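As a starting point, one isolated chain is supplied in structure tokens, in the form predicted on its own.
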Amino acid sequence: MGYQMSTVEFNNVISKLLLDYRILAPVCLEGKGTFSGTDLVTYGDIERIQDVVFDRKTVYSAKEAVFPPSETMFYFTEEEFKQPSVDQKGILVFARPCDINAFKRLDAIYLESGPYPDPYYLQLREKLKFVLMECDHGFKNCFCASMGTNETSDFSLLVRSEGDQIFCLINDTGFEDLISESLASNSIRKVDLQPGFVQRNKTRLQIPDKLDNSLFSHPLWQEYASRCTGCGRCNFSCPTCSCFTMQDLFYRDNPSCGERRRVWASCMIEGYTEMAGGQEVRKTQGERMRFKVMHKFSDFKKRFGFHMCVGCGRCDDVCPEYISLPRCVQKLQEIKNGGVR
């Protein structure tokens, strides 16, 4: 059962939620886009439903709610270290099905890939709940249906905006009191509400059944050695990329004190695989592209049973060289079928 209410009534619900949750949703930052006079749609804190952008895809994903771009792991002095305090509020994130499914991939990486879960990721992930944002159509470059990430049941609330009316479905008993307290209002009524999911995208992808080492030396990768600039935008916008580097920051006033930070990194950037002595594992952009594609569409699935990529299409959206990830995978399929030499 769902509920229909005015934006005023739903803002009252948000006010109640803000007592216990930090709420993140797609917002529009005017004039902050890549080009002059353009806007940036990204994730930010909200206090009212009118601030949420329902009809556009964000440039960046919601992963920074649990995997911040720069995260202080601990502060240190000459004699001791201390972890920073964590906000006791929960985290409520408005997200589309592909982005919600992306957290399953991050969970596999940070919580299941070793003998111990990552404590920094875990302490935020345990606080996280989702508000489902439906997609009434596929956005440009999306191929979530091909990846099987176009649907999800992992959400606490569904929120649909139609004009000045909000439709809300509660999928978590912990939130039922939020609405039941306001049902006496004439502006709130019960309605039959079911989530709607995109079943088909304009971009469709067939993933090769088996990608193996026979493709490592294929000349296909040389195309990306010349095209890719190594900017790393594809990784930073991706909801499942999770690579990071460590930085020690020493304070100017006392160089013996500082903090250690975990900072986003990119497998597509020069120097990421550089080891002691200057040896670098992947030296060209073609080799880096090969690693990224094989990891997302082969190696990850061998380990966890599902593909790492969720088909959000953000990597295609942000690439300054118009490199298409699904087109690369399509070429691999053609190679396996003997169509590309």
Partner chain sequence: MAQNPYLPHKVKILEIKRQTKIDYTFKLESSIKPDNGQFVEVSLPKIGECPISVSDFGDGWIEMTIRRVGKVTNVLHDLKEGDHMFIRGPYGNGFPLQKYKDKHLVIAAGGTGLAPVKSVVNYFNDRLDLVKQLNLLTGFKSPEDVLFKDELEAWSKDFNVTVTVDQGNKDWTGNVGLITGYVKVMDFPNPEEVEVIVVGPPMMMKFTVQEFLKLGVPEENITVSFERKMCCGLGKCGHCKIDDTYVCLEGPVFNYTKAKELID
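Numbering follows the first chain given and starts at 1. This one's a predicted model, so the numbers in the text were calculated from it and none came from an experiment.
Unshown form predicted together with the partner chain; subsequent notes refer to it.
- Here the chain stands by itself, but in the model of the complex one stretch of 238-246, 137-145, 190-198, 163-171, 238-246, has heavy atoms within 4.5 Å of the partner chain.
- The partner chain is not drawn, but in the model of the complex it has a heavy atom within 4.5 Å of D299.
- Although the partner is absent from this view, Y272 contacts the partner chain in the model of the complex, with a non-hydrogen atom inside 4.5 angstroms.
- Not displayed here, the partner chain is approached by R262 to within 4.5 Å at the level of heavy atoms in the model of the complex.
- Proximity of Y224 to the partner chain in the model of the complex: non-hydrogen atoms within 4.5 Å are absent; the residue sits far from the partner.
- For the marked spot (F76, F81 and R303), a heavy atom within 4.5 Å of the partner chain in the model of the complex is present in each of the three residues.
- Note on the partner interface in the model of the complex: the residue among Q123, T229, Q206, S180 having a heavy atom within 4.5 angstroms of the partner chain is Q123.
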